[in-house]
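Below you will find one chain, with nothing else, as structure tokens; this is the form predicted alone, and questions on how it binds or moves follow later.
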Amino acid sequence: MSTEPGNTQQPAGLAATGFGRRRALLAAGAVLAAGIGAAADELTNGDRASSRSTASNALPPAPAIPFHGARQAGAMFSQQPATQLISFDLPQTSAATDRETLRKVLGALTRVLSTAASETPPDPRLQGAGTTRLTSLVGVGPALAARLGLNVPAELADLPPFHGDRLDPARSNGDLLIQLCASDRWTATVVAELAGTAAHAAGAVPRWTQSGLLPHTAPDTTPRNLFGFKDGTANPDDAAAEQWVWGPPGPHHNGTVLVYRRIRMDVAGFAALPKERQNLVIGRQADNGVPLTGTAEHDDPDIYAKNPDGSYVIPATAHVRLTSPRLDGGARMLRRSYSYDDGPDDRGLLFCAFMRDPAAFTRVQNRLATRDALTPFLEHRASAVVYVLPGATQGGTLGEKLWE
């Protein structure tokens, strides 16, 4: 996406060519023509040729994505096909004890996540296929921050209730949130186990977990959601992200706020709409993501353009119109959402958006909840807000500025 630094994923290693097998078949013919000795020679030569072909076509393994840096990699680098979110609570004893528990948990997570993301992760389950390409982020919730007097942005707060919400408390909120992103489900699962075990041993109590996925897409293209539409097209560029996503200069400069919403989608109901109606509901063309007023996907939707009869080209109830920064003083979010599939009756979107101030999401969601033509096909089932900590420097620990 446009806000992310260059992180073009190298293609996976080429599959074996099968050259040796073809040579083996030729060798079998040689058995009929020239006897077992000739066949053995042909097989040997075929195996050598196959080895040379595979070696010459193999691509070097992709380098590991650095864990250490000013900002956490999970909010910086390109989205990957698999994600796992894990939420924890901290036992409530005394403020001093709980602060020490949080220090231990953050220290344990720093060690586990940095090791899992390294060039040589020690767990054998993460070996043998090159680097993990793991990216991660860790954030703290507003209730924990208030309880322990942590140094977090003043804007960090839980979301208010919205019209139509059907939130499950057992799958919402939490004192601590980890998001893992990887190129495959296996890596996300293994690292989730490692991180969960380390956090629990340090004193955190598991609250909820949720897996998500993306379709495989070419680099620098926008993934699609389960409705078939591109999701995340209008993300801010780097300059806009500095204004609206990352904190201002100071202790929170390299942090941000993550708003998470688990949204059940009526995929079958939406699919039953005529294609033209789907486009009007969203405000974009399904096939290419182009706004109804534009000619290319990343054209800025003109929410004021009208048809000859005076109606808006992008309808007043279209999702694109109601989420337009033009209606919100230019405020923008960095959206990095995933789809989820928890069974035939529970599929949808893991809305993950980063912003400096979660009030921006509140303003947008208040418009959507009452006016969005997409609302009949959506149910918000879970929610969380966390302050995504600045990154850890080499030798440092996540959350060091929480105590300042």
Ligand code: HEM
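The shown structure was predicted, so the numbers you read here are calculated from the model rather than taken from an experiment. In this text, residue numbers run from 1 along the sequence as written.
The same protein also exists as the form predicted together with ligand HEM; that form is not shown, yet it is the one meant from here on.
Although the partner is absent here, residue 368 sits close enough that one of its heavy atoms falls within 4.5 Å of ligand HEM in the predicted complex. Contact check for residue 143: no non-hydrogen atom falls within 4.5 Å of ligand HEM in the predicted complex. Proximity of residue 282 to ligand HEM in the predicted complex: non-hydrogen atoms within 4.5 Å are present. Interface membership of residue 301, defined by any non-hydrogen atom within 4.5 Å of ligand HEM in the predicted complex, is confirmed. In summary, among the residues 110, 78, 323, 211, the only one with a non-hydrogen atom within 4.5 Å of ligand HEM in the predicted complex is 323. For the options 133, 71, 207, 319, the one in contact with ligand HEM in the predicted complex, meaning a heavy atom within 4.5 Å, is 319.
Within 4.5 Å of ligand HEM in the predicted complex, a heavy atom is found for all three of 263, 332 and 364.
You can rule out all but one of 220-228, 86-94, 148-156, 198-206: in the predicted complex, only 220-228 has residues with a heavy atom within 4.5 Å of ligand HEM. In sequence order, 368, 374, 378, 380 are the residues of 366-386 having a heavy atom within 4.5 Å of ligand HEM in the predicted complex; the partner itself is omitted from this view.
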